[in-house]
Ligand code: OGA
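As a starting point, one isolated chain is supplied in structure tokens, in the form predicted alone.
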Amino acid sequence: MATVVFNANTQTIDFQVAIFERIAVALEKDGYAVIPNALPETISNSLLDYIAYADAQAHFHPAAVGRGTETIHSQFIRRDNISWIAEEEPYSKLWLDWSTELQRYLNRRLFLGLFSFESHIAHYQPGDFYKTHVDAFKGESNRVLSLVSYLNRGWEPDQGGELVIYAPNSNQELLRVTPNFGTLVIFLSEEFPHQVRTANRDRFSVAGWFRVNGSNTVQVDPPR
């Protein structure tokens, strides 16, 4: 087992590899993983700084459903606001570097052929939700893995906002995840329907998707 050593709220390489291996084992066995305190606090804190920056720059906008030219806005399906994270923006480097290392590890370990990563911050205000959906339809998307980590300190049970994951092709609830600071969830994008229950306080998370290369002579992937 890897030795866990904390220094100024950072995680050692050994600890990071141990987290990545837990993710790989769980994905191979179950198709999903939920790991409390998986994201290093330095990275979570940098994402909180990004939230303040994005808010000051008015980067948050109502989230849509669908992709590219087929997006729609529906208050009946989802009500969160999002801000896409770009490499050139302040406070994004630690998160994107960590995601790149995870991508490389999973490609070596599980031979997934992951090619790119996209992510955004999601802000759910009190009363916001996202109804049951899947992140990729079989054969119609190149999203392979969905990832979310939470940025909420001191979340209480009566504050709602849980992520609920259902069994594939079923309404059977597999697990319910409280959006506690640093908790990481990752799952196969095509397989698991999920929803975000109504939040009763401001709820922040970073959500991302690892993708295979869907570019062709007509279109560069991913579309926005």
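Model, not experiment: these values are computed from the prediction. Just count from 1 along the sequence shown to find any residue number.
The next section is about a form of this same protein that is not shown, the form predicted in complex with this ligand.
The stretch that touches this ligand in the predicted bound form, counting heavy atoms within 4.5 Å, is 195 to 203, out of 195 to 203, 26 to 34, 41 to 49, 54 to 62.
Each of Y124, H133 and V148 is positioned with at least one heavy atom within 4.5 Å of this ligand in the predicted bound form. In the predicted bound form, F210 stays away from this ligand, with no heavy atom inside 4.5 Å. The closest non-hydrogen atom of I186 lies beyond 4.5 Å of this ligand in the predicted bound form.
None of the heavy atoms of R79 is located within 4.5 Å of this ligand in the predicted bound form. In this stretch, 159 to 182, the one residue having a heavy atom within 4.5 Å of this ligand in the predicted bound form is L163; the partner itself is omitted from this view.
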